[in-house]
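Before any questions on how it binds or moves, here is one chain, the form predicted alone, in structure tokens.
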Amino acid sequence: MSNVTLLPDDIAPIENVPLRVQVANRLRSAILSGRLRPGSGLVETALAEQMNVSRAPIREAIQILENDGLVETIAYKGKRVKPLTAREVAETYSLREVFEVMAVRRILDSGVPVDALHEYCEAMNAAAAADNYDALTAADEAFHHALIRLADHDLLLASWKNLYLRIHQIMALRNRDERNLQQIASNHPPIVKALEDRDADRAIALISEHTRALAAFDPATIVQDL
């Protein structure tokens, strides 16, 4: 008789994540959450000391973030979090609108059920009630990710994921001081209702209005000099 103990299926295997990826993930989180603001300098020696690692993984992590478009090199000065411009904010949200309107059209054309979206609406309402901005932001992102997934378009999904790095950052920077969590949460159930009703005009109007909500953000208010 075997003495081997089988672990429950929900215990995930231990992942051996390279140090450069761990560092990149922490820095990316700081950038996207607004803790590292646009224009903030990234000094390898200071980051290495603060994160208790050598300079090599810091350098490699910064390169990963540069490839993501979140970091840039300034001649004779070094690396910094890439600043946002008013044009970039406007272009980001105009492109987001195109992506999400396309997703809504495909969902309505295919007739795919949208029941899964209710879960994220409920999570946003719970986060708003608890005044938990981080949880609400996570549920908000999950809602839109699910919306794009329901469109069943691989290239659209890949493009949206890349764009959402900037969207996440803009949202965090804009809402860092003033944020009405109840209002953010309440914007989503009407979109789901319009999709369930197969009301194309209303669904497209609502998703367009929703994606334009942050487009008036002025990035000049949050830039730091290198």
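C-alpha atoms forming the largest set that superposes within 1.5 Å between two forms make up the rigid core. As the structure is a computational prediction, the values presented were derived from the model and not from experiment. Residue positions are given as counts along the sequence shown, with the first one as 1.
There is another form of the same protein, the form predicted together with the DNA; it is not shown, and what comes next is about it.
K.L.:
Hey, in the model of the complex, is residue 44 touching the DNA, heavy atoms inside 4.5 Å?
P.N.:
The answer is yes: residue 44 has a heavy atom within 4.5 Å of the DNA.
K.L.:
I'd like to know whether residue 210 contacts the DNA in the model of the complex, with contact meaning heavy atoms within 4.5 angstroms.
P.N.:
Contact with the DNA, no.
K.L.:
Could you confirm whether residue 54 comes within 4.5 Å of the DNA in the model of the complex, counting heavy atoms only?
P.N.:
Answer yes; at least one heavy atom of residue 54 falls within 4.5 Å of the DNA in the model of the complex.
K.L.:
So in the model of the complex, does residue 59 come within 4.5 Å of the DNA, heavy atom to heavy atom?
P.N.:
Yes.
K.L.:
Counting only heavy atoms and a 4.5 Å cut-off, does the DNA in the model of the complex sit next to every one of 105, 110 and 172?
P.N.:
Per the other structure, none of 105, 110 and 172 touch the DNA.
K.L.:
Among 46 to 54, 190 to 198, 32 to 40, 153 to 161, which stretch sits within 4.5 Å of the DNA in the model of the complex, heavy atoms only?
P.N.:
This holds for exactly one stretch, 46 to 54.
K.L.:
If you apply a 4.5 angstroms heavy atom cut-off, which residues in 75 to 91 are near the DNA in the model of the complex?
P.N.:
Residues within 4.5 Å: 75, 76, 77, 78, 79.
K.L.:
Can a Cα shift of no less than 2 Å be assigned to residue 55 between the shown form and the other one, given superposition on the rigid core?
P.N.:
Where the cores coincide, residue 55 still shows a C-alpha shift between the shown form and the other one that is 2 Å or more.
K.L.:
Does residue 23 show a Cα shift reaching 2 Å between the shown form and the other one after rigid-core superposition?
P.N.:
Comparing forms between the shown form and the other one, the residue 23 CA shifts at least 2 Å.
K.L.:
For a quick test of reading the superposition: does residue 185 move by 2 Å or more at the CA between the shown form and the other one, rigid core aligned?
P.N.:
Stays below the 2 Å threshold, so no.
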